[in-house]
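The form predicted on its own is given below as one chain in structure tokens.
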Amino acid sequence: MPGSVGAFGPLEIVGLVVVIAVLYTIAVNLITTWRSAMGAGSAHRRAMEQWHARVEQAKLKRAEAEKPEEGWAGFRKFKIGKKIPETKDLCSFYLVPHDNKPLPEFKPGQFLTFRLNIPGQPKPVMRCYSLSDAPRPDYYRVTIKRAPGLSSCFFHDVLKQGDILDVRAPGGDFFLDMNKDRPVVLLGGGIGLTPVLSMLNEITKRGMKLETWFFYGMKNGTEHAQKKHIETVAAANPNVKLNICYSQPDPAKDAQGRDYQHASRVTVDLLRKLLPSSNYDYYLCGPPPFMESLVTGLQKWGVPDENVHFEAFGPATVKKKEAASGAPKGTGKVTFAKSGKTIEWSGKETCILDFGEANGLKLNCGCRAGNCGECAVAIQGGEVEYGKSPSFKCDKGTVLTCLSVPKGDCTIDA
């Protein structure tokens, strides 16, 4: 009906179709543009994610490249960065890597092995010295006591700041397991302070609240190394129970309560008096009488062998423990091939090194405790066995005479 609402003529219908077509085209273009934009955004995001992944991978590679090695093969060059006297007979040497590369961490209580080119000696001298500080990224520290012999006098009298030394990576089976939370008793006698001081420094450096009893014994104040440092550490850490023992305090210079706590040696009787119980892990290092009395006393107190840990640089400090653990006695004849001697094993000596020396032979030796490898010789026939596992790992077909005894007839290249 003409003039009625809702009626469309041909022109109106054509116009409506054109409008719909235009709107459809616009919608299609918008959708296409949106999809392209979204695709571009996704591509951009993927590109950014890949870029970030490459950056993180590069960071990891760089960190891995800069990460210190777990150790090193053979010997590495170190420079004496500082030489600091501690007491009349003690001196600390701060060793920095000559190549300026980061240092691998060590386990507190371990030692370094040095190859020393001492003037007048036909070949390098091998010696082991305990690390006396917690692991640090830029230096190692050893504290050495002057004693009769070549190596310690060479360190004290000849070596100076800036000198270069050949050093083997940290090693040794005497160390504090930092993953355990069992309370500990650290006992050092004289220069035996060094490995237990390393343990104490690591415990406090980490901020651990581990119950720690620290015993350090010496004659008097003239031998008291690291006095201020140890006092400062104990004052700042309530979990550290400090017990300094002077066996012969100087009345004119040493004051009990200020310089030391006990006018006695470090003994098991003192431990039994002070400790709440025997239920601790014990770490000890010191001269032979110190070691033997403590190991024997702790055994009598009922402390299990697995809770008594010690460092030994010399046969006198290990005999007691070897005897307690049923070390092999040895049997048979030992042929020293180079010396042209075959000798029936006596059973009196604890190792082939002592046996050879008792029979007039000159054998290579260093630490005499299985740590440095200087006494290693080729075994040409037969077998040997060890009373304790050596820290130094021998090549196949090589044995350490300082810890081994013959297991029947054997021949060694010595």
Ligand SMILES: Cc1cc2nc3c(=O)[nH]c(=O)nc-3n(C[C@H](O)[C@H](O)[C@H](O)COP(=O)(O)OP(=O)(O)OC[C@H]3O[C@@H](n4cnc5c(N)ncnc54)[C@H](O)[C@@H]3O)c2cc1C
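Because the structure is a prediction, the values reported are computed rather than measured. All residue numbers refer to positions in the sequence shown, first residue = 1.
Beyond the structure shown, there is the form predicted together with this ligand, which is absent from this document and is the topic of what follows.
Asker: Only one of Met218, Cys128, Leu186, Val334 comes within 4.5 Å of this ligand in the predicted bound form by heavy atoms, so just point that one out.
Answerer: Exactly one listed residue reaches within 4.5 Å, namely Cys128.
Asker: Considering Gly71, Gly149, Pro137, Gly162, which brings a non-hydrogen atom within 4.5 Å of this ligand in the predicted bound form?
Answerer: It is Gly149 that has a heavy atom within 4.5 Å of the partner.
Asker: Is it the case in the predicted bound form that Thr212, Val303 and Val308 each bring at least one heavy atom within 4.5 Å of this ligand?
Answerer: Zero of three within 4.5 Å in the predicted bound form.
Asker: Which of 129-137, 94-102, 255-263, 290-298 has heavy atoms within 4.5 Å of this ligand in the predicted bound form?
Answerer: Residues of 129-137 come within 4.5 Å of the partner.
Asker: Hey, in the predicted bound form, does Lys145 get a heavy atom within 4.5 angstroms of this ligand?
Answerer: Looking in the predicted bound form, residue contacts with this ligand include Lys145, since a heavy atom lies within 4.5 Å.
Asker: So, in the predicted bound form, is Cys367 in contact with this ligand at a 4.5 angstroms heavy atom limit?
Answerer: Yes, Cys367 is a contact residue.
Asker: Hey, in the predicted bound form, does Ile191 get a heavy atom within 4.5 angstroms of this ligand?
Answerer: Yes, contact at 4.5 Å.
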